[in-house]
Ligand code: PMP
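A lone chain, given as structure tokens: the form predicted on its own.
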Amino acid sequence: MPAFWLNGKIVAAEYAKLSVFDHGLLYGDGVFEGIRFYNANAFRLAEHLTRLYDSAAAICLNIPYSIDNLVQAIQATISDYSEQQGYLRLVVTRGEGPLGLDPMLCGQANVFIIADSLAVVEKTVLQNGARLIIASTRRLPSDGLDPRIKSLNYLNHILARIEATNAKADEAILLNRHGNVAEGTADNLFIVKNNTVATPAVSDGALAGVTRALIMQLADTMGLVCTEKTLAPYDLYTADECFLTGTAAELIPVRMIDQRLVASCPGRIYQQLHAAFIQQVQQETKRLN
């Protein structure tokens, strides 16, 4: 069963509720983090909380708890959950306020944490590779909403997800307004070409993902060339390998993009990085016990 923490305490499911006047619900006004936990310990928690507070600062949202308070809350939520491994959703909403956009009329922010299981794709997809489409829905431009802000506004990603579902694909890739690759609906994207690993830059609309950063770090440690660069659909179609990364997704190999088979899936470099990722997760989370 899921576990819930709401505004300072663990609560039962029937009490994990917010007002219909919360601006997070009315206007998508808030920020969030998705965090994995393994061996009953949150993975890369410092990086997630840093991004949460940066996102909140960027939208003038005051989080009414210190980082230490949230660390304790997260551990309490994990302890109340029935499994040693799972997924956390940490959300900060603007709070209750009158109808209208002005956030200054809202009261204190609401903060809640959910611990539950989450499988982004089926096990067969992890084994055989995901099928992607390039969505017609475009990523919001960075001069409209900075992609470094992990906000509750996910409508354009949801529209792209609908396109993937309608096409019987596992995931959709969003392009930016220039027609270059930004990211998936809930994950970052990497390609491999001639033994070089590449991923779109944040300036092209990619979220500065925590798992993305770790994969780049692991690639460097392994002696692989890993770069941020502008990618066009052509680069996806002609890649030797392609894979997705994310806190929820972890690592997912890609088998097909717009009905074009990727040359190798799961590819050699993907398999090396996946093994290194699993090892890193175990090292960091077991060490905390």
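Everything numeric in this text was worked out from a predicted model, so none of it was measured. Residues carry their position along the shown sequence, with the first being 1.
The same protein has a further form, the form predicted in complex with the ligand, not shown here; the description that follows concerns it.
For a residue to qualify, one of its non-hydrogen atoms must sit within 4.5 Å of the ligand in the predicted bound form; all three of 188, 207 and 210 qualify. For the chain shown alone, residue 157 is a contact residue for the ligand in the predicted bound form, at least one non-hydrogen atom being within 4.5 angstroms. Contact annotation for residue 150: at least one heavy atom lies within 4.5 Å of the ligand in the predicted bound form. Using a 4.5 Å cutoff between non-hydrogen atoms, residue 30 does not count as a contact of the ligand in the predicted bound form. Under a 4.5 angstroms non-hydrogen atom cutoff, the ligand in the predicted bound form has residue 48 among its neighbouring residues. With the partner omitted here, the stretch from 219 to 227, 55 to 63, 243 to 251, 258 to 266 that lies within 4.5 Å of the ligand by heavy atoms in the predicted bound form is 243 to 251. Looking at 66 to 93, no residue comes within 4.5 Å of the ligand in the predicted bound form, counting any heavy atom.
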